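For this one, two forms of the same chain are given in structure tokens, first as structure 1 and then as structure 2.
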Structure 1
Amino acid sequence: MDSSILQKRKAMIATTHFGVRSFKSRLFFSIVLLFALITISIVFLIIGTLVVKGYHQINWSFFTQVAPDTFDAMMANASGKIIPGGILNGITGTLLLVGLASVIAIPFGIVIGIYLYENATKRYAGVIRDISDVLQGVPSIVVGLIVYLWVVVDITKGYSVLAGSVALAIMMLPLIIRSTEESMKMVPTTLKEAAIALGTPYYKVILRVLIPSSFSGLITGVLLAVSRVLGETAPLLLTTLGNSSVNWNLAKPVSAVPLLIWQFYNDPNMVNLIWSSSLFLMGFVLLLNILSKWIAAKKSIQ
């Protein structure tokens, strides 16, 4: 290019330099805003799709009847009716799995969290914290694989509620440990010191001071952990498999809402049921999320 033209352009840029810079800045802001709007619009797209496609399948029998078999669903589809039946086996299964997982994970998680808080500076506690972080990052399918080897092969000799619960509990444990430790850190140390100065036994310091004063934080952490495992499908595929009827026996397979969604997805006749089941699962997860947020917000006001 001709050097005189280059010089002219340079001079032009120099005179309008601030204009260019502020234009660049505004352009960057527009791009950032656009990308952020794309991200949040996807949330509305997904939830909107679930609501629009799923709401008309939700009725009384959706909560009181077990999932239909393929033939019933096919007949209903052929005559243009709503597919009969519901997801009762999934709902009871999910409650059983998550309930048992909570019974395993919550006490251990809170006690280990307290241990880490009380021994924060110890090298061993640091190692435990790091390993717990690594556990949190283990893919859910790998957790399922391991629990299959531990429980399905060796203990229950088949797919079972117990296996599914152990898998979910392993996934909840690191989340609860972390949230317990974090919420204990919020408790003023003066509270604990006052209790110790009065000669309170150590276990009473924990039960009467540490736990009550961080209670809302603990609940928030537990609810978030539950909501995180509620929709897990992959580990359940490898540990509880599914069941077409309601089951309360811990050594037998059981269904779960996410497992039913997977089953409906794989069966062309049942496709209409996936949206209502997904809507239900999503609503349940959101409810827990909102509840935990609400509790956390109440805490921060006090």
Structure 2
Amino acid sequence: MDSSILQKRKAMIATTHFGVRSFKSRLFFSIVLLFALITISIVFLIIGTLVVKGYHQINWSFFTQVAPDTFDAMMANASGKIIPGGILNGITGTLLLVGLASVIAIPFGIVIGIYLYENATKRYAGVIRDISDVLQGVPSIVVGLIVYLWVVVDITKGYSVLAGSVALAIMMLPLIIRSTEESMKMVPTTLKEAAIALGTPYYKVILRVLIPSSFSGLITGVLLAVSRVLGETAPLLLTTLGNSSVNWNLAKPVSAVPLLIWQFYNDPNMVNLIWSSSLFLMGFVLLLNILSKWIAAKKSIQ
């Protein structure tokens, strides 16, 4: 009789503990879900605000004409019309700046990342890794100031596409380096060993085995690095300054979408173009992030 009562008490205690653990689990899940919903709601509020306030100016001329002057914008606002002009000079400038920065940063970043992977335990690799981590945390305005002293003052003798691209390339390098190293670590060592055992030259092992096998990680890191610098304004203010027309000369100043947003912000007549330009920039960055995720998922399936 005593043993049966003891077993019942043990069963009741176990049931109570299970109920408490189940309640704590549901409570924790609810808290996590609440914070997740708050975070998502903020993102949707930002996107919704940009869409509601920015879609009015999105038309064909927005992509094919340069930014208007203050007088044209003021007259359009006074008559209740859409502000004429667009951000063609900013779009072409952004593509030129980011394209040249990618040409500079991607090869160097991938080569350095491969070096860190191949020499992970060496002293110099550790130093380079630490420098890369520090560089990733340097404020963009500091990068712009350094490039101003290095390039604008001493090399180009003025604001230019080259100076802006160097600043963006420096900001892209740490992310490309670290993503390359981590992507290489995901490649099975047996693939490399098999290629070496077959007598394949070292450079071909890298070009034909390591890089193709880690391509999804490499392209994801590159696109994320590009997405990061697309919205940078501070370094461009110190290196390329801006241009009211479309420019393809690397030695001359050029505009960019973030610079145009800053320019519109300082002019009360250009408020509508602020929202439209921000909507375009956010959509472009979002498209690159979706593209990187799609490439990574497609390569992982293959």
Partner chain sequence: MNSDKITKYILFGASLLILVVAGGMLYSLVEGSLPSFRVFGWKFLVSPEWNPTQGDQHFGALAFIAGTLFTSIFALLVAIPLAFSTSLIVAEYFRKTWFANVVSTCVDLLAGIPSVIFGLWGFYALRPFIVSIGLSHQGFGIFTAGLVLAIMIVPYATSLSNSIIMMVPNELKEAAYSLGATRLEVIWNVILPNARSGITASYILAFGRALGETMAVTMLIGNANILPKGLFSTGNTMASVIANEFGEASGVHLSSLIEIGLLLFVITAIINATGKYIIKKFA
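Predicted model only: the values in this text are computed from it and were never measured. Basically, rigid core = biggest C-alpha set you can superpose within 1.5 Å across the two forms. Reference numbering: structure 1, starting with residue 1.
Assignment of forms: the chain in structure 1 is the form predicted in complex with the partner chain, the chain in structure 2 is not. Core-superposed comparison between the two structures: the CA of residue 30 exceeds or equals a 2 Å shift.
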